[in-house]
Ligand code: 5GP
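Okay, here we've got a single chain as structure tokens, the form predicted on its own, with questions on binding and movement later.
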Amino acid sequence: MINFDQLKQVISENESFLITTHVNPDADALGSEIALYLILRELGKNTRIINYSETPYNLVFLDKLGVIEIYDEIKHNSVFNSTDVVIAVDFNRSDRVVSMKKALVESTAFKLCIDHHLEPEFIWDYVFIDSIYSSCGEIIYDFIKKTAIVTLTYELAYPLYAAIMTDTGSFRFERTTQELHLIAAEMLRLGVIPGEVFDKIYDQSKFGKFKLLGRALNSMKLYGDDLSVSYMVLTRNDFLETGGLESDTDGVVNFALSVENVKIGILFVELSEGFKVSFRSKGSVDVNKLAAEFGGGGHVNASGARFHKGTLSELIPQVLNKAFQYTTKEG
């Protein structure tokens, strides 16, 4: 259980804050960052958001004030030490910020982690983590409601709705509860229009995204004696030829899980440096443990890992073999 009173106390006792999130941020990461920024701004705190990655084009609308800065080593490293508090949102391991890791780890500021993923790294001064939450957006909402640190307004509800909606798969994933629907209902009463948020995130995509999706679907194969593992592969060549971006792969792995009898869906993505592997599962098949075997992590049914060495031809057989083992030992 998260100690929201302690979080409120840390905020009240400090004046300057730096908020950041993981590489290639999704709507939960960005929506939570923006909401937290608005809270701190209302309290009169000096606050900046500095992210390693550029904001994906379909999520720029969440940063209505244009406050998100893209990390520059020369420009920003001093900021990590001159601020009172660094707040990590939607991640709990320093390697999720890539080359910004050194600045984060070596920062002399208090380090806070607000997250809903399991097994945090031991670099944080304060940890506000609970995997029972559907999203970081729900954590920020709960923080507002349980501490009354500010009043929930439309301005705050909008990015938080985007965060919750996307991380619950439009309210269909396991952590979607009746309480969560009541939270969404409150946001709608404040003026949030669900169709508008959904349209901006999912229905304003660039053409290259769909060409890239076609490549992923065309690569789909089944694995295992019972064909319980489905996987797709995207290479650097696929990105170059389609004009797709890494952020365009968000949600693509779910197609692998949509095949009948499949228990684990996997997406292999070749990056400019290394590889990213996304895991999804059904029921009690724990892909968080599967991802952990490769240095990754996440949730029971949704996790990921990054690899900085090797080749796809070496990586794929290793991961598939291990994944098939997990389909035979549910729970």
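On a predicted model such as this, the values are computed, not experimentally measured, just so you know. Numbering starts at 1 and runs along the sequence shown.
As for the form predicted together with guanosine-5'-monophosphate, it is not shown, yet the points below apply to it.
Contact annotation: residue 67 falls outside 4.5 Å of guanosine-5'-monophosphate in the model of the complex, judged by heavy atom distances. In the model of the complex, guanosine-5'-monophosphate sits beyond 4.5 Å of every heavy atom of residue 200.
Put simply, residue 111 is far from guanosine-5'-monophosphate in the model of the complex: not one heavy atom of it is within 4.5 Å.
In the model of the complex, residue 305 approaches guanosine-5'-monophosphate with a heavy atom inside 4.5 Å. Look at 289 to 297, 258 to 266, 47 to 55, 29 to 37: in the model of the complex, residues with non-hydrogen atoms within 4.5 angstroms of guanosine-5'-monophosphate sit in 289 to 297. Think of it this way: in the model of the complex, guanosine-5'-monophosphate has a heavy atom of just one of 209, 93, 175, 101 within 4.5 Å, and the residue is 93. Residues 276, 278, 280 of 258 to 283 are found to place at least one heavy atom within 4.5 Å of guanosine-5'-monophosphate in the model of the complex.
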